[in-house]
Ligand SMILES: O=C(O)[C@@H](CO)OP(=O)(O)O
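Single chain ahead, written as structure tokens, the form predicted on its own.
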């Protein structure tokens, strides 16, 4: 590795000047993280990158240009070094949200809702790409909906993760299912990531629209009526759920089951759906019912939040991977 050349490219950390208006401010950055288990330190120079700072949400998205440099310094990991990392982990945790990749009914422009259909080839590729984007962010637990497209997305994404741990689905539907799926090797168990499936994270149920072509439905009922069913907050389609009803179950599950895991220091990934994730983001970002209806989530694009001191800080979407990129999103996290 041409370390000498790379050293010349590494910048020093400069804080973004306080602007009256939020926006990009060019600067040079330097961030690092230490791998406790592998015993090396990674320094990343962000050359002519930028920090997008938002006063409204107290959030910061680090954006790096293509001219990034990466330097690997060999460093020993002293036995006492894990103490500060352990304390760091208990005070900060990562939350990754991923909307599933394109499904076969997305491709056909059909209302899907709670119908259980798999990913397309494009959806598989999107899930793999999402995995590359989060490959340097530690994941301790995974939550998915009960639908196969979300589960496929989570599993495919984790095939790209640098820890190479194996996601294993937790089966608690019966006492026998739990007993039969038990792992009896402690070493093997340490190399697994538990995956919890929950129907509460399902896409909202579209009622009598499920399976119908969206354009044909608009032609039949009128585009304004269909738009109201799809984008209003509290008006459900015939015999279906409104976004408000979807939010009630998704947010309740998040606060009862997932948020306590984050508070304990565990890094969590959620692979779910457009409306269940919009509901959770509404809670995380404290959006109003009017703000959330305009929120659009692309398939297969992960979003990162940091849970710190009881609040959520949005870090945006990790950048697309390049050959010489270790993300600034890993700053402060120790891999085990």
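Numbering follows the first chain given and starts at 1. Quick caveat: nothing in here was measured; it's all calculated off a predicted structure.
Heads up, the form predicted in complex with the ligand isn't pictured, but that's what we're talking about next.
The stretch that touches the ligand in the model of the complex, counting heavy atoms within 4.5 Å, is 111-119, out of 160-168, 247-255, 111-119, 233-241. Although the ligand is omitted here, in the model of the complex none of 133, 143 and 266 has a heavy atom within 4.5 Å of it. The contact residue chosen from 217, 106, 261, 200 relative to the ligand in the model of the complex is 106, the criterion being a non-hydrogen atom within 4.5 angstroms. Residues of 122-141 placing a heavy atom within 4.5 Å of the ligand in the model of the complex: none.
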